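Presented below, as structure tokens, is a lone chain in the form predicted on its own.
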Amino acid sequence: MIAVAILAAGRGTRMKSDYPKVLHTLGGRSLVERAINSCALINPARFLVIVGYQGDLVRQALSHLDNLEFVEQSEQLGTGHAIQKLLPILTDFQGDLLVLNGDVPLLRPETINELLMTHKKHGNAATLLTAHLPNPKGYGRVFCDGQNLVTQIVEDKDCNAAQKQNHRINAGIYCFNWQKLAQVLPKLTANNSQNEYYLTEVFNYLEQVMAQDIPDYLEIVGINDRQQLAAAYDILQTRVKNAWMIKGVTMIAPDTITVDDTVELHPDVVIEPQTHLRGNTVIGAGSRIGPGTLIENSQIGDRVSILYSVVTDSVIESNTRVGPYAHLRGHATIGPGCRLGNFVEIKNTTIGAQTNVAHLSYLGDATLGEKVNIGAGTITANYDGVQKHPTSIGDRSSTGANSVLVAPINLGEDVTVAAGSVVTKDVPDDSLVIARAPQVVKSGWRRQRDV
């Protein structure tokens, strides 16, 4: 049985922020949520998040996750003090405790699973994750015997010249036998310059502590300031983009592209430069996205082309072309084989198959049938100053250039709207509607100018 404790109580003063450090985002998710997600393979019996600074904000940010327990550490007196807060909560717990840091967001679930397997296989009192850093300056060194049993942990400032040649460092990720840990937690002292209780002191009292080396030391990168947050994002992006390219996605100038790890890409997708894919987005096979495109929380079908456009919270079905400079938002749903062209905005609108909105139009709160043609400059006037109203346009209807449809309004099937019309009343099927003032020409008229 496994319990997980996430250390998430600190403010993180070097972030220069009023928000708790663990709530800063990395690739669309908070740091602490990423730490939680690293436990995806181990199915813990209990999940405890230790909160302190602005703990209510942390609780609120994680409210969408199930089965979390929150433990208050009102005074932040060190990592050992944080784990001591679990003593009354895990009184009857029988099993192992995994301790993670809420500001270490890049751990892979496979790494956590392997740490626990090593811990259980050897029956260790504690197993700690270690890494060999190219430059370990500033990190405590971990010394082990031939069986990877820890013999000594020495802080960087206390290392002699020979000890500094050891590049194995403590990553701050631990798995403990809870019963054994609970016995020694009361022994912790605060006899240090920070007057804090360090969790690493327990290794002085536990027998059979083993180190588990991590192959990719970049997984243990911690976040203390904005520069480290940016560096972690680069690591995450490299990981995500390499994985998709291996699976058959083409990325042109990948250094200019960003892809959240919540995005799903299908084979033969081409991502052009300066394109950014966010949230719960799916891109279908053979689609070409970009350049210069942002897509967020949207589902894109197969063989769709989107150029220099913004798409949020929308659905675009297969074989549709979008852009350049189109904006789809607010749950737009576009059918197959459509064309949305230059400077077209679509909001909360459903568009049927093979419909064209070629340029310079706004469609809001509308429902369009199949094979509709929207002329340049057509606008649905959906807002009366108080509330929004719907527009409905039937199959095979078309609007002339510079038409305004004043909602609420219904145009039937096979309707033609004459160019320049302002339509305020419903139009039946098979009709031509002309709604504009007659042209007046006054001969012999010239503007009077001052002499």
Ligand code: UD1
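Heads up: residue numbers just count along the shown sequence, starting at 1. Throughout, rigid core stands for the largest set of C-alpha atoms superposing within 1.5 Å between the two forms. Computed from a predicted model, the values in this text were never measured in an experiment.
If you look for the form predicted together with the named molecule, you will not find it shown, but the lines that follow are about it.
The contact residue chosen from 352, 172, 284, 323 relative to the named molecule in the model of the complex is 172, the criterion being a non-hydrogen atom within 4.5 angstroms. Checking 238, 113, 76, 166 against the named molecule in the model of the complex, a heavy atom within 4.5 Å turns up for just one residue: 76.
Contact with the named molecule in the model of the complex, defined as any heavy atom within 4.5 Å, is confined among 300-308, 335-343, 139-147, 249-257 to 139-147. In the model of the complex, at least one heavy atom of residue 155 sits within 4.5 Å of the named molecule. Interface membership of residue 224, defined by any non-hydrogen atom within 4.5 Å of the named molecule in the model of the complex, is confirmed. Using a 4.5 Å cutoff between non-hydrogen atoms, residue 262 does not count as a contact of the named molecule in the model of the complex. In the model of the complex, the named molecule sits beyond 4.5 Å of every heavy atom of residue 233. Shown without its partner, the chain has 101, 102, 103, 104 in segment 93-110 as residues with a non-hydrogen atom within 4.5 angstroms of the named molecule in the model of the complex. For residue 313, the Cα coordinates differ by under 2 angstroms between the shown form and the other one after the core has been superposed. The two forms, fitted on the rigid core, differ between the shown form and the other one by 2 Å or more at the CA of residue 153. Taking the rigid core as fixed, one finds a CA shift for residue 331 smaller than 2 Å between the shown form and the other one.
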